[in-house]
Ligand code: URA
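What follows is a single chain, given as structure tokens, in the form predicted alone.
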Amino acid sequence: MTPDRRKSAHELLAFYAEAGVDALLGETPVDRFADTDGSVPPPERRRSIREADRVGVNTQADHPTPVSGEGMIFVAPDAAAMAAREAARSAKTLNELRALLDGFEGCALKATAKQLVFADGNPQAKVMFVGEAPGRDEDIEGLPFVGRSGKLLDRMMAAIGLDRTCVYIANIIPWRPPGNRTPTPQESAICLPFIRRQIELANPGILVCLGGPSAQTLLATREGILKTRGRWFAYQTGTREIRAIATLHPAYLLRQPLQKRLAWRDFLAIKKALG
């Protein structure tokens, strides 16, 4: 293979890895619905198997229930959201919450991510930052905001005298969506009880929503981030009220560096609120 071809092949593999591809398919098609003895199930049975795989239910049970066995990774969204609410409510500490997320099978993103990205920083901190979802670097290291946008966030925090020892950082979605795509509304709804419980258990004095999706999800606003940023909101945990503010996501600032002046104003407001 010539150097140019080798370079092209390496770039193609890097593209696939960035897109979330982690398995190769054979050149010969395989009937996954065929029995091991070579017989093919009737069309009605094949349809029921496909439906079971789609919604993740056990068709052998008298009363279908969500399962997570081989070939049945997904559960029905409503059932998954209910299971998430019950699991999150049962967590008494952040460590318990992390353990519950490690064992939670209701979100399909877990199957494609390398690992859980739970949090970073000091859980006793006065300031908590919440983004939308991990990216490639975060998926590799298992920590939020460690890539280019994370390095920019570190510099932004340092400008007002903060670092990761005195802040707590998390995401609404704790698993990386394939190819860094935008999480679906169903995925966000399933993961929402966990981040709400995480905020409640961390109990910060100030909640900072990084980017529009985080602000819209946690602050119940439909406005875009340019209208939401810089405004103070009251975030209700169920046990107390937390002051919350939205600001521009560091990834957005890397694409639109002229908007850093707006984020700087937001961080000055955070500094003032910290006293």
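Counting begins at 1, following the sequence as shown. Predicted model only: the values in this text are computed from it and were never measured.
Here the subject shifts to the form predicted together with uracil, a form of this protein not shown in this document.
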Is there a heavy atom of residue 133 lying 4.5 Å or less from a heavy atom of uracil in the model of the complex?
yes
May I ask you to check whether residue 145 falls inside a 4.5 Å heavy atom distance of uracil in the model of the complex?
yes
Is the gap between residue 171 and uracil in the model of the complex 4.5 Å or less for some heavy atom pair?
yes
Residue 188: heavy atom within 4.5 Å of uracil in the model of the complex?
no
Interface stretch in the model of the complex with uracil - options 119 to 127, 192 to 200, 87 to 95, 136 to 144, non-hydrogen atom within 4.5 Å:
136 to 144
Could you run down 256 to 274 and flag each residue that has a heavy atom within 4.5 Å of uracil in the model of the complex?
none
